[in-house]
Structure formats: C-alpha cells, structure tokens
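In structure tokens, the next block holds one chain alone, the form predicted alone.
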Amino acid sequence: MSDKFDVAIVGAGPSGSAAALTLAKAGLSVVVFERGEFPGSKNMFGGVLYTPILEKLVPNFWEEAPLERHIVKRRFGLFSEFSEAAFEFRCEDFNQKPPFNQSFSALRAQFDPWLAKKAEDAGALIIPETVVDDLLWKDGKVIGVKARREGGEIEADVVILADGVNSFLAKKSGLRKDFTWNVLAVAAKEIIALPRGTIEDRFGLEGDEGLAMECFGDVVAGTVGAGFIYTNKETLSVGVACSINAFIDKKIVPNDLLERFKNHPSIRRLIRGGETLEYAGHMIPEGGHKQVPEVISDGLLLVGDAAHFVNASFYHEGTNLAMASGLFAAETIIEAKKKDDFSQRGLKGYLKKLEESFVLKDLKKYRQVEDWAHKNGRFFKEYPDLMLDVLKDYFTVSETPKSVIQQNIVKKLRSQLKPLRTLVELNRFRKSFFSS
C-alpha cells in the first residue's frame, strides 16, 4: 500500500463511498478505511433511501443496485393505548417507471457494499476491519491518518471524515464540540421476515411497491420520537427512534420501547407470524442546522452524519444528504488539486456548494423543529390521546342522540384544551414546519 494518497477517507457509508467514487473517477488516488467487517456491516438504516444524488453518481442505478421496494405509499398514524387514527397517501405517479419517485426501501448491509464496490471498481482502495485512531498533523494542517494496523500512518493531501454522528476524529480535530443529549436520537430496529405475498396483502401492495409508515403517540410512550415500519421484499424494517432525553425522562430503554411498539394491537396484526432475523441500534443526529459543526479546516472535510447532515422533519432525510455532501466534498477536492491548495481557504468551495444546495437550505428551513419538539410535548401524548378519545366518542353506537354526543365532545374539548395555549402551540408548529 502506498504511503501517500491524494485523499484518505474514514468511513465507507454512503457519504464516504460517494466521495471515493467521484474522486476515483477523476483519477485521484483514494484510500477508504472502514472499521466494520465490510461496508454496511455496522450501519443500521430504518428509512427511505432518497436517490437523486445516487442517480448522478451511478446513472440507471435501479438496474443493478440492491434495492428492496419503491415507495408509493406513505402512512402517518396517531396512537393512543388501544386506538389509531391514520392518514395514508398513495400516488400512482410514483409507480410508473424508474426511478419512480427517487424513493426506495433498502438494507444498508446490502446497499453499502454495492456502492463501495462501485468506488473500488473506479480505482479507490477500500480497507475494511480497520479503525482510524487519529489524524496526522504538520504545522497545524491535517496531512493524513493513523490507522490501527501495521504501517498505519498514511499521508494524504486531504482527509474526509465520514465516520458517523459520534466522530471522535471530528472532535479531536476541533471542528466538532461536545453535544447535548437533546440533539441526538437513538433508533432500535428489527428485521422481521414475512412471506412476500403476506407483506403485499397486509399493506395493500403489488409487485415491488413499498410503504413507509410512521407512528406517533402512545405507541412510543408519548416520547419525542416515532415508531416506523418500512416494507422490504420479504422482510419488514420495524423500529423506534426517540430522543435520548426522552429515554432518560421516561426511564425506558430502547428495546422496551420497541417491544411496546410491536405489541400495540394495530402493529401486532401487521407483523404477526414474522421471524426476527436481526436486531440493531443506531445513534442519529437530529439537531439540524443549529448543530452543524464547522465542516472545513486545513486538509480536512466533514461529510454525512459526521457533519450532522440529517433533515429531522417529516422527510427524515439522511442518506441523500450524506451522498450529496460526499459528492460536493469530492468535487471541491478535485478543484483544489488543480490549484494545489488544500488549505481551509482552498477548500471553502465545499461550504459554498452546501449552502447553494438543498442540504443546508433544507436544514435551515427546519432549523426550529428540534426545539419545537422538546418544548411542545403535548403533540406527542396529550393531543393524540384527546383526538382518539373524541373519535371514539363520535363513532360509538348507542341510543344517545347525536346532538348530545356532539355537545359532550365539545365539552370535553373545552375542558382539556386551553384556547390561548393551544393557539400558541399550533402557531409554533406552523412556524417550525412551514415558515422559511
């Protein structure tokens, strides 16, 4: 192995592999260190793989990428202890031809190795089962990495950190400060096997159609978080993701919350008869725009979760931002190579690309969501319970005149809702999700 590369990348997830693929295609020498047994072996994904950037990296990716189903249905559910009210959206326009709506379910243990192999085929060197303990420095500039293996001091003109939300290297570099628990979430997920036909029957799907389902309220103990189900071809991704603060406040552990979710009557019927194949946990950055650290220094760039690039609104968009940041970092380095300037100033084009793209524009738009969620807990418990209680009253069949039922509902709403407080909370919701 060469002792000097143009670029050294730490982490072979979507952001690291996107950068490696772009750099290798441009003829730069690239080495990628991955601590897992293989790319994706330590990565958990419970969400939708958005693919506009992937299509730029690998045209016609859908012809070969290990995808599960294309998402044609979205379902959002509010839960009380025994009830559920849901909004479901299906769009046949998303079901016509590839790449559909650029939205797929996927399994990271399959997708990440495929994307890393693309980078490898283009000329990048992927080294798995290798931990990078430190950065190499000279005159205040990063000049490489120190990997935990023989001959592990590898020099590079630029280092890209793609090593996840809890990047110790980003902290060592001084780019990332300590963060508080309220900007982090923990997800716990199971892969549950069911026959393909059973999945399609239960979720109203045909062929490779897929569903993304998110659940709020009592099903996750009223925490700032959600439960989720994503349909794969012959498995379901079933899990919960909640703020670490919520776990602390509720004195509940992720596995117990996941069991609570799975045992709700509405969820139990969807997963019954399934076999759990895999259990995994993962930490998610949810601080949004306010939590994004400095992403550039001399000879160093942060991408993906290491830069906290996750849109924690209803889009729950992470992989697309990760691949975009990897692509932008690579494009910046290619330009810096032409000028032989890898200083912070020479790499500032990376930040400009981020600011002009959906990455930072979207994060800025939803910059208040995290604060809103932690200051307005009634939306996660009291409001769902009240709404479902009112619906139960409305649809309960009895000899009581409908006018009396409706009067009782109004009395219940008046007794539990303070008009001014409710208006203030609804206005905060509007500002957090819909203002620019």
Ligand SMILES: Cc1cc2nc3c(=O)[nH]c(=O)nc-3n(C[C@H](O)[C@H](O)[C@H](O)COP(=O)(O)OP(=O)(O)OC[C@H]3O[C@@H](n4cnc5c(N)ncnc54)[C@H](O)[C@@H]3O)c2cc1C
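Sequential numbering from 1, following the sequence displayed. Predicted model, so just to flag it, every value in this text is computed and none were measured.
The next section is about a form of this same protein that is not shown, the form predicted in complex with the named molecule.
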Check all three, G217, Y366 and F429, heavy atom within 4.5 Å of the named molecule in the predicted complex: no
Does A65 reach the named molecule in the predicted complex if we count a contact as any heavy atom within 4.5 Å? no
Can you tell me if L54 lies within 4.5 angstroms of the named molecule in the predicted complex, counting non-hydrogen atoms only? no
Could you tell me if I252 has a non-hydrogen atom within 4.5 Å of the named molecule in the predicted complex?
-> no
- Query: For H316, is any heavy atom within 4.5 Å of the named molecule in the predicted complex, or not?
  - Reply: yes
Testing 391 to 399, 406 to 414, 32 to 40, 373 to 381 against the named molecule in the predicted complex with a 4.5 Å heavy atom criterion leaves exactly one stretch, namely 32 to 40
Residue within 4.5 Å of the named molecule in the predicted complex by heavy atom, from A322, L354, V158, A124, is A322
In this chain shown alone, the residue from F82, F358, F168, F76 with a heavy atom within 4.5 Å of the named molecule in the predicted complex is F168
Checked 122 to 156 against the named molecule in the predicted complex; residues with a heavy atom within 4.5 Å, sequence order, are T130, V131, V132
